[in-house]
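Here's a solo chain for you in structure tokens, the form predicted on its own.
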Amino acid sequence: MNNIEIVNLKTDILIIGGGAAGCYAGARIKEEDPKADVLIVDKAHIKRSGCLAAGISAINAYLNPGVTPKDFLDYVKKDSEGLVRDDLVYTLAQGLNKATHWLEKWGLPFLKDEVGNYVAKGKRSVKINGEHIKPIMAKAVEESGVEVLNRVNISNYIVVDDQVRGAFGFSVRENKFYVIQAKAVICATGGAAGIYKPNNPGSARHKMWYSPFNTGAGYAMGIRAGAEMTTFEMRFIALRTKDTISPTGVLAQSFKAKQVNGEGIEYQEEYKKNSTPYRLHATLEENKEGRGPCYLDVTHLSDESNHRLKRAYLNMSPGIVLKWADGEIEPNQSPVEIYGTEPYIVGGHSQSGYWVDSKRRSTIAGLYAAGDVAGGAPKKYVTGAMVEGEIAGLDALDYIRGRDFVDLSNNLINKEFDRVFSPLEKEEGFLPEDLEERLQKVMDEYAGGISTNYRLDEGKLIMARKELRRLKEDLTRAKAEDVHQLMNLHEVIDRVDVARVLVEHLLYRKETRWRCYQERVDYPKKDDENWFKFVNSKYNQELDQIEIIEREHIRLGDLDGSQN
């Protein structure tokens, strides 16, 4: 620890995370005010970090001709059992097309028809060649004048007088500790993977749907700082191709694959609903009733369509193409088996995250949230995350006017320095990978993982609560041998903090609102009379207690402009 260099930095606006929300926020801030100092800090490298690292094949949130922001809100509400933050989804929808056009302006290749219109994938999506989306966004950030600090893991916010005044972090390559002061902070780190036991074991354990490098740091920092969180109980579980965990929308939407059981019978219509959770629920039920495995059947494809399908996957998930090649088969020779992933905590597909107002301000002054960490607005995808970054960034410009930096006490800095680096001083202790496996086992068995078909009940959740408390105590006895392993350890620490909040949310909502995502077998029905409301929480670090807060749902027409 004596060899750690302390680096002091100052910036007007600090953006934590260089994904879609962070990149767009930075670029838009600099366009609006070129004199503003903006710094993006990324744990990896901004050119290939986060959810977009491998690319995408479509913009899944775009309003094609005839689709309005209100239509988008109605769609999101229908898919989410009616309970979403109407104000957040609506304001997000208003900026989707503008964000899409910015991507094209930056150089992202869009598929167009003979008259120059985007080629629609569905009512609310368009096709792209998106393998290079992340390098394209990174280049736009560089050209905008935003400063970028790569390979620095942000560990905690700097909180002074109940205001966020920057963040602490450490390099994952060098012996450096960063003290970054800022007048405003935008958290855009992404959601949390690795909390539950994954589909694939051993060396393939990080072959998952959500980015394995998004480990809940943004959530955890907010939890520790006392920010209000919302709807963690609406986990996201993706229906994906088995083993390769590739997206199924490419098969179902773009190539009209039929969703069939082991007997070759289409089964979705038998389950009455065709929402995202119910497609997973139906698949689990078919397997449970002995009619599995289930598939997406593309055996009707022509050889030309086969080629196009493989090209589409090479833009975002090449693993499935390699599997076909390894098996020496073409997609139209055998249906593709599908199954559910492990649960993730992610605000871009479900709505777990910070409780924010319409300007994406959190409940702590000076702190904003955008993208996967912002709660209440599911199905935001890439462009929705961008819109939230823009909203947060432009409001942050107003917030910082007239503000200056504050003096930081040595005690505050030393406390975080010791918390971050003390595991390097220990000769004996638990290793990060062992603690990670223990966390995943607890969550899988007691908090609705794959091994229990995602089902939850009070008795097992109480067991999860007890085991997580014990695990948190053991985290203080962990060791790290280098800064990379130190990063792995802090990823586990963050995930445990997120998991504890998640379990309290799952315990509190005594109904089943979102099938599979939040399947309470002891409360198997949806109960709008008692539970059409948001379950929020706030962590008291001094008492190590999680307080649950109920928030009412407010319809779009009844909004007064703020829900904080």
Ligand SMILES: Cc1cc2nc3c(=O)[nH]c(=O)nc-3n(C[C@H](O)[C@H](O)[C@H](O)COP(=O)(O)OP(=O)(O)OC[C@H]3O[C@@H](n4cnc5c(N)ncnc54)[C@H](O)[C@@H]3O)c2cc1C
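As the structure is a computational prediction, the values presented were derived from the model and not from experiment. Counting begins at 1, following the sequence as shown.
As for the form predicted in complex with this ligand, it is not shown, yet the points below apply to it.
S.K.: Could you tell me which one of Asn153, Thr276, Thr230, Thr100 places a heavy atom within 4.5 Å of this ligand in the predicted bound form?
M.R.: Checking each option against this ligand in the predicted bound form, the one that comes within 4.5 Å is Asn153.
S.K.: I need to confirm a contact call. Of Tyr454, Tyr354, Trp209, Tyr313, which residue comes within 4.5 Å of this ligand in the predicted bound form, counting heavy atoms only?
M.R.: Of the candidates Tyr454, Tyr354, Trp209, Tyr313, Trp209 is the one lying within 4.5 Å of this ligand in the predicted bound form.
S.K.: Among the candidate stretches 106-114, 459-467, 369-377, 403-411, which one is within 4.5 Å of this ligand in the predicted bound form when only heavy atoms are counted?
M.R.: Contact-bearing stretch, as computed: 369-377.
S.K.: In the predicted bound form, does each of Ile195, Pro198 and Arg235 have a heavy atom within 4.5 Å of this ligand?
M.R.: Result no, not one residue of the spot touches this ligand.
S.K.: Would Ser57 sit within 4.5 Å of this ligand in the predicted bound form, counting heavy atoms only?
M.R.: Flag for Ser57 set to yes.
S.K.: I'd like to know if Glu519 sits close to this ligand in the predicted bound form, meaning any non-hydrogen atom pair within 4.5 angstroms.
M.R.: Residue-level check for Glu519: no, no contact with this ligand.
S.K.: State yes or no: in the predicted bound form, is some non-hydrogen atom of His349 no more than 4.5 angstroms from a non-hydrogen atom of this ligand?
M.R.: Yes.
S.K.: Using heavy atoms and a 4.5 Å limit, would one call Gly190 a contact residue for this ligand in the predicted bound form?
M.R.: Contact with this ligand, yes.
S.K.: Does anything in 39-53 come within 4.5 Å of this ligand in the predicted bound form by heavy atoms, and if so which residues, in order?
M.R.: Read in sequence order, the residues that approach this ligand (within 4.5 Å, in the predicted bound form) are Val41, Asp42, Lys43, Ala44, Ser49, Gly50, Cys51, Leu52.
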